[in-house]
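Only one chain is given next, in structure tokens, and it is the form predicted alone.
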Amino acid sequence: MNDIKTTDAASLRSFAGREAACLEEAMRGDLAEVLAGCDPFLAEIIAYALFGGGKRIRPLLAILSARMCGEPDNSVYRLAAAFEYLHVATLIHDDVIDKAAERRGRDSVAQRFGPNAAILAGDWLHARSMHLVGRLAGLDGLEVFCRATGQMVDGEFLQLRYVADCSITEEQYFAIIHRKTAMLIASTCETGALFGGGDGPRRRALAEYGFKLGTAFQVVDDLLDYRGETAATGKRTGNDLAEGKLTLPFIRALANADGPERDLLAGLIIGESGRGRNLPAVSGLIEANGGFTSARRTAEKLVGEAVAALDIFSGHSDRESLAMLHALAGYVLGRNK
């Protein structure tokens, strides 16, 4: 599948900008209600965490999925806010775990307010996201949501198990990213479909779209960790490598390398203190052994499968929403941050 066309990209930016404004209004209204009477320090941290940028892809997917299954009212924006709350909560907690000083080109929440306050604020956002999903999408929606968040935590534990472990297989890698990323994006789409009144086939189609898109998103993210620019991604290049996270480009290169190069690659990720400095050497070996090209092709295949899952909606009356789902698939392949 080709990357997103210029016309599609412009339409997506315009559409996403309009929806983001509605989402922000809904979030500010929700926070004003629920944080009234809470400690002002909590409100300060929540505002800093939520309104400091971000792509808002997850709430947009919830909104579009709801529209593909019905004609939701403006409460869809509060449902969408739940997925932004959860996403930001996971970023806050990740930065505490990783001791990250920056996020999106500015101080991380933990760096600015301290790790204890950051953990508590992340907990609050997670709790609020569950409340909103349960109230707006019912018990079925909450079950989908909670199953995905549980799998996300399991994925993090799996990833810890394989830190700097060159015996990791592709199957194990995909088990990690399916749990960490894909299932949560699938749940976003399925919950939106539930909220919109979608039947079983439409719910399953949107969940499949989200699962494949989320998997592709993570593969591209793993490519950007080696080849992205810090100014664009907001994260230090080579961060995953420094933490010993062995992702698809590395795994594919390791499988293709001959004995000496395989030993060299493995040696470069041994020893926590040296991994970050070894980024140029590791990248060169991945490039030489086709790891980047192979991973990119996998991302393209996954995005093609995501788009194919939307065939059930061909001829749908809401052409704009369907077009934006297609455009988001192209965006995932073309993104540089």
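The structure presented is a predicted model; accordingly, all values stated were derived computationally and were not measured. Start at 1 and count along the sequence shown; that's the residue number.
The form predicted together with a further copy of the same chain exists for this protein as well; it is not shown, and the discussion that follows is about that form.
Out of the listed residues 163, 101, 127, 264, 127 is the one that sits within 4.5 Å of a further copy of the same chain in the predicted bound form by at least one heavy atom. Only one of the listed residues (307, 42, 279, 31) places a non-hydrogen atom within 4.5 angstroms of a further copy of the same chain in the predicted bound form, and that residue is 42. Candidate site formed by 54, 56 and 84: none of these residues places a non-hydrogen atom within 4.5 angstroms of a further copy of the same chain in the predicted bound form. In the predicted bound form, a further copy of the same chain sits within 4.5 Å of a heavy atom belonging to residue 149. Among heavy atoms of residue 38, some come within 4.5 Å of a further copy of the same chain in the predicted bound form. With a 4.5 Å cutoff on heavy atoms, residue 199 does not count as touching a further copy of the same chain in the predicted bound form; it lies far away. Contact annotation for residue 243: none of its heavy atoms lies within 4.5 Å of a further copy of the same chain in the predicted bound form. Only one of 75-83, 166-174, 220-228, 90-98 lies within 4.5 Å of a further copy of the same chain in the predicted bound form by heavy atoms, and it is 90-98. Taking a 4.5 Å heavy atom cutoff to a further copy of the same chain in the predicted bound form, the contacting residues in 111-140 are 116, 117, 119, 120, 121, 123, 124, 126, 127, 130, 131, 134, 135, 138, 139.
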